[in-house]
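Only one chain comes next, encoded as structure tokens, the form predicted alone.
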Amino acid sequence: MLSVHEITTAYQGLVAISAVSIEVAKGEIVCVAGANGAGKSTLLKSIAGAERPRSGTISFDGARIDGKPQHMITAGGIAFVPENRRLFPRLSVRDNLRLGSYLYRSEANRDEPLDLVFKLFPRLSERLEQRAETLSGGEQQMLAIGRALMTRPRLLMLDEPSQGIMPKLVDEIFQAVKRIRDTGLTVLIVEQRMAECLEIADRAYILQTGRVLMKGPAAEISTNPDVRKAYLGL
């Protein structure tokens, strides 16, 4: 479904990722893990159109998307939930969700994805009239993912979904990612919490200083002695 071939992207004048290649097949959860500064977020931004690669190609469903504006990539079926969530803090939960369906604003079934969002995150249905800024960190992450699902994506990209969330809600977020995949969506997730990410993923890539250090089935990577020592503290 997604093919990233040897892309190099600079961020604020410095090369953040260099000749990175990854692939994501339909129906997979693919985890991109690594330490801070490894280039994980830049990779997702490059795919989403928020950053423009200096070189390399990005294809989605066989068509090149590198160089396309971000709104066209979203309309083409890729939803991106950034690290900082980018909610509209003073708007209600309901309005934040409806903004996610902006592409379908003229259609009678604009709110159709709400059923899925509320099934995944029942808490949101209880807080529809609350302003987004009044939600907890975990609830805000649920709202950001829910808003992305309102775009009716085929590929959902999540940048550090566990960041700033109470530990008891982290597992809830990861389990929701598994349920999202079970609905037929494909997921590309970037995470520092490598153990939890590898547990739900089918395959994984480990980035180090902007390059792919390791790739393979998530189960194999999680049992690799070097990974366990360097990243999992085992």
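Heads up: residue numbers just count along the shown sequence, starting at 1. The structure presented is a predicted model; accordingly, all values stated were derived computationally and were not measured.
What comes next is about the form predicted together with a small molecule, which does not appear here.
Asker: Residues in which of 22-30, 170-178, 62-70, 37-45 have heavy atoms within 4.5 Å of the small molecule in the predicted bound form?
Answerer: Contact-bearing stretch, as computed: 37-45.
Asker: Looking at the small molecule in the predicted bound form, is some heavy atom of each of Tyr11, Ala16 and Glu83 within 4.5 Å of it?
Answerer: Verified in the predicted bound form; spot residues all in contact, yes.
Asker: In the predicted bound form, is there a heavy atom of the small molecule that lies within 4.5 Å of any heavy atom of Gln192, even though the partner is absent here?
Answerer: Yes.
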